[in-house]
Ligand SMILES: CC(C)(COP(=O)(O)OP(=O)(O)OC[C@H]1O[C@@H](n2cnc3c(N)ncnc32)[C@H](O)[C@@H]1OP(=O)(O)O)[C@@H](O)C(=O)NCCC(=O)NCCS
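Okay, here we've got a single chain as structure tokens, the form predicted alone, with questions on binding and movement later.
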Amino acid sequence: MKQSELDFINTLRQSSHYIEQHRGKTFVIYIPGEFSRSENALIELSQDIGLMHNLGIKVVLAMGASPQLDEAFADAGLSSSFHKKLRITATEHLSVFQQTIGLLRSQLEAVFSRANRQQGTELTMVSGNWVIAQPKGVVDGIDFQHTGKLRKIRYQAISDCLSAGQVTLLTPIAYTLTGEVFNLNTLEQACEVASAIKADKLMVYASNQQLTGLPKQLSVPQVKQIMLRPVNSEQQVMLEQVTNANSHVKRIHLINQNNPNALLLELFSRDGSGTLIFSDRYHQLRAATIEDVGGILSMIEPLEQSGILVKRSRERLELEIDNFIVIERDQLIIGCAALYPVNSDSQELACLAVHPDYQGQELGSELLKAIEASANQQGVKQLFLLTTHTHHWFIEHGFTLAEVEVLPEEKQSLYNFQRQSKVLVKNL
């Protein structure tokens, strides 16, 4: 079998879990105006949305238009003013604004229709007055005129369209109840709509500048820490907007607008392509079960072969599985540790390991804290462990080097002098 065929099979196997996990879910996807300037990018996005539709995913698409508006106003001889990163939309801008958004929407719908003409089931894109606007008003003495903000979302109408199998489109145009036209920030709309319909995911295409320095995943408290010292103002504004949605949207994905494969990689591969902001736990720390034996063995086998861990047979691990805790991410065991009872005062910490692909994320510390908490609950006064490679890490976490003689007698008799493991202890 060719390597390309093997790669395809392995990719399909890995993605099958996500296909089932995402079926029937609702995703809000924000595309900035910079993304829409590339027809090829729009074609690929439209094809990807068609694929998602066939997999049972409901999509709300929010279309930004900042660079298109900049060009249109400049061509019309109109100057653009901004305050706090928001465009001030004057009355004389409205006709150009409406024409530009209408043309961009028409282009997007045309690309979408062409890209999905061969879909097995008919897929349509619809837009409408889903959002009721109100004036932004006067801020810091600056009148934003026809720049508005959300007043109300007709979320039931959006949900009805999604249930009918249609892709729902949001644009910067919104109306008041009296029919006035307002220019709304589309990313703000995407966040508000995602919250209102309680979307399962908010997917945000972002620039390299906005993504600079962001790790693969962030909890909401970590995002707030980054916002105290953002790399740049563009990142600051984006993070402020997207975190406003996290009370109802548990997973927010920031993906690179310059990567045409970013959306599918983020959704259907284990490690994704961008940055995930989560308000729930991205991984689960729990007691191990017999079903975890295979996953633990797969993770620790390389460590056993290199001599870092003592080899454990499947039979032994099955007998001792009640002593283990694991960290699981998307049905993959990425960390484990064991606590073995010795006597009423001492217990042994063993087999603390983190998958190489997930090291550097403080998972080892999380496992250690869980082990210590379990030992404390049992009234244990001291933890000890044996290691040949990682004693410095344990010393940094409160353990001290000790002689073999400090081990409980039942453990001293089993000490392997050929292995020459370091002995470390920690009083609880």
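Think of the rigid core as the biggest set of C-alphas that the two forms share within 1.5 Å after superposition. Quick note: we count residues from 1 along the sequence shown, nothing fancier. Here the structure is a predicted model, which means the values were calculated and not measured.
The same protein also has a form predicted together with the named molecule, omitted here; what follows describes it.
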| item | value |
| --- | --- |
| Non-hydrogen atom within 4.5 Å of the named molecule in the model of the complex for each of R117, S127 and Q166 | no |
| L309 within 4.5 Å of the named molecule in the model of the complex, heavy atoms | yes |
| 4.5 Å heavy atom contact, H392 to the named molecule in the model of the complex | yes |
| Interface membership of T400, the named molecule in the model of the complex, 4.5 Å heavy atom rule | no |
| C351 within 4.5 Å of the named molecule in the model of the complex, heavy atoms | yes |
| Partner-contacting position among T26, Q361, Q68, Q382 - heavy atom within 4.5 Å of the named molecule in the model of the complex | Q361 |
| Interface residue in the model of the complex among L303, V96, L285, I226, criterion: non-hydrogen atom within 4.5 angstroms of the named molecule | L303 |
| Heavy atom contact within 4.5 Å of the named molecule in the model of the complex, the stretch among 27 to 35, 384 to 392, 59 to 67, 43 to 51 | 384 to 392 |
| Contacts with the named molecule in the model of the complex, stretch 200 to 220 (heavy atom within 4.5 Å) | none |
| Core-aligned CA displacement of G364 at least 2 Å between this form and the one not shown | yes |
| F35 C-alpha moves between this form and the one not shown by 2 Å or more, core aligned | no |
| L51 C-alpha moves between this form and the one not shown by 2 Å or more, core aligned | no |
| Relative Cα spacing, Q217 and L367, in the model of the complex - shift of 3 Å or more | closer |
| Distance direction in the model of the complex for the C-alpha atoms of F394 and P221, relative to the displayed form (3 angstroms or more) | farther |
